[in-house]
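In the form predicted alone, a lone chain appears below as structure tokens.
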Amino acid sequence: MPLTGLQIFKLLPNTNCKKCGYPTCLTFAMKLAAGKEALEKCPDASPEAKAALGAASAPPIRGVTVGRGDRAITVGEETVFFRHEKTFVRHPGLFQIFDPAGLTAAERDAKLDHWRAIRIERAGETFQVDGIAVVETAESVAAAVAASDRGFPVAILAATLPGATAIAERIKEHRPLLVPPAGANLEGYAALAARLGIPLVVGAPDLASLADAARDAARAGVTDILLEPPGADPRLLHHSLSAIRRGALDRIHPGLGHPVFLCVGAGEIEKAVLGITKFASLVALADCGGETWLPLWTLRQNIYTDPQKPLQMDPGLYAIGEPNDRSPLLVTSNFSLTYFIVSTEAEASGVACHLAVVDAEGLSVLTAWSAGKFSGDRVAKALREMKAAERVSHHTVIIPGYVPVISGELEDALGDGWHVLVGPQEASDIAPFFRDVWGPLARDLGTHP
């Protein structure tokens, strides 16, 4: 368990020398306990104190990296059971299961290129296929090499030890994940993983045996281990996933202090949902059509974000449709939910427009206004930085209907003939607002909606 401030204080020199930047050793100890400082700031800390604090501060779940290069994925290093306690450190990686049996080289490469090209931007995050889980077949060596050459982290879904060895030997420098078949004798696979220095998945029929299997693999020289939880149905799997996380955090058994690997068959989306919501670190999905990926990516994003930091869009001037200099200019905050609601309703209206997303530190419009982060001066400054005057010739900006109070300040701050128009309070009223308010105004200004 992590050490308390008083326990850390007893390990420090207690000289109050202020070399760490704090007035007393107790103050520094409290910062260490909160995870806001590093022991290296105390130049007089003894080797014994460094060893004790290092062991106590090590994450209860070991970090494991699969792959090399820009797309390498690291999992583990979690410290909490509930995200609101602090935050989850690393989101689960989603791997595409790939069975290359019967495919020509061209067909194989086309699939891999398709998966590599997938990039979906949502609320500041890029959704992409995190890795490829290659099913062992006669064609798997070439498939694994092709996936690795494209930068994908690779998991080897082994069927036999000789087959897994052939694949792992060819791509060992890419640091693949070795996944033995269910019920296999782990001794040979552990020896292979230890020899090549690659991570290994261990499984067992119950949690006690799973912890022992992980311990045995570590004794065999395997440095990086993932656990495959037992569970023949969702209820048992839920129990296993929760028990592994709780056992790791409470340091009940060192064999449980590892990330979790979950293999999901075709049509088992509920299993994938369970894995994402209950602590799986890597999820391998057998999905050819792609219809399950977007909801799973979205679910993962909603859970694996810092609860103390609102999900937010990058500030900027966004185009809805194909607007020109006569199109309306809307303003909103950069809270992601606000952006998606406003942009969706604006697009549905059929009127091309500009949407200025102002940095409000991820807060909704009313919350940001009450906190002084969506004031007239702040919005005006943002519009100038976005060079909105170069994008619209009518110099009219439409603000959210809930903050008409900023209209005067905004108009004064913008100057140069700008006009402020108070828009609707609800995004669902954007279409009738464009029709009934902006349309006549645009005609008077000599523009078109």
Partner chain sequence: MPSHPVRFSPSGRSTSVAEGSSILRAAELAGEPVRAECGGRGACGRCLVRILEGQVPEYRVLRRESGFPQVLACLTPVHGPLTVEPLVEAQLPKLVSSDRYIGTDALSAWAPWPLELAPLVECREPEDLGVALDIGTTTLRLLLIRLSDGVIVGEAGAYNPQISKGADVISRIVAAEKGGLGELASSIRLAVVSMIGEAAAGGLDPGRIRGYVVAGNVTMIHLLLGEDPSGIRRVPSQPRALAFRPVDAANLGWPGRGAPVDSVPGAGGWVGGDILAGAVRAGFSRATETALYVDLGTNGEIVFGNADFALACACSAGPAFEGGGIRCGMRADRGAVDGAAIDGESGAMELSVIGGGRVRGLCGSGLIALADALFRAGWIDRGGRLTARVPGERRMEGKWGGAIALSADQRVALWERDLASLIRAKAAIFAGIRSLVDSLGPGGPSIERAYVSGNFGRYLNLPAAVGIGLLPDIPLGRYGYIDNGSLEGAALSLLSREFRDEIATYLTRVTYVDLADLAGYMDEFVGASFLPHTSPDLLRMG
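Quick caveat: nothing in here was measured; it's all calculated off a predicted structure. Think of the rigid core as the biggest set of C-alphas that the two forms share within 1.5 Å after superposition. Numbering follows the first chain given and starts at 1.
As for the form predicted in complex with its partner chain, it is not shown, yet the points below apply to it.
S.K.: Is there a heavy atom of Gly372 lying 4.5 Å or less from a heavy atom of its partner chain in the predicted bound form?
M.R.: So Gly372 counts as contacting its partner chain.
S.K.: Should Val420 be counted as a contact of its partner chain in the predicted bound form, where contact means heavy atoms within 4.5 Å?
M.R.: Yes, contact at 4.5 Å.
S.K.: Mark Ile73 yes when one of its heavy atoms lies within 4.5 Å of a heavy atom of its partner chain in the predicted bound form, and no otherwise.
M.R.: Contact with its partner chain, no.
S.K.: Classify Leu186 as contacting or not contacting its partner chain in the predicted bound form by the rule of any non-hydrogen atom within 4.5 angstroms, answering yes or no.
M.R.: Because no heavy atom of Leu186 falls inside 4.5 Å of its partner chain in the predicted bound form, the answer is no.
S.K.: The chain here is shown without its partner chain. Which stretch in 361 to 369, 163 to 171, 132 to 140, 98 to 106 comes within 4.5 angstroms of it in the predicted bound form, by heavy atom distance?
M.R.: The contacting stretch is 361 to 369.
S.K.: Taking its partner chain in the predicted bound form as the reference, which of Pro47, Pro43, Gly408, Gly69 has a non-hydrogen atom within 4.5 Å?
M.R.: Contact residue from the list: Gly408.
S.K.: Let me know the one among Leu53, Met386, Val392, Ala413 whose heavy atoms come within 4.5 Å of its partner chain in the predicted bound form, would you?
M.R.: Partner contact (heavy atom, 4.5 Å) among the options: Ala413.
S.K.: For Val89, is the CA shift between this form and the one not shown at least 2 Å following rigid-core superposition?
M.R.: The answer is no, as the C-alpha of Val89 shifts between this form and the one not shown by less than 2 Å after core alignment.
S.K.: Hey, does Gly415 budge by 2 Å or more at the Cα between this form and the one not shown once the core is superposed?
M.R.: Yes, shifts by 2 Å or more.
S.K.: Would you tell me if Phe335 moves between this form and the one not shown by 2 Å or more at its C-alpha, with the rigid core held superposed?
M.R.: Yes; Phe335 is a residue whose C-alpha shifts (by 2 Å or more) between this form and the one not shown when the cores are overlaid.
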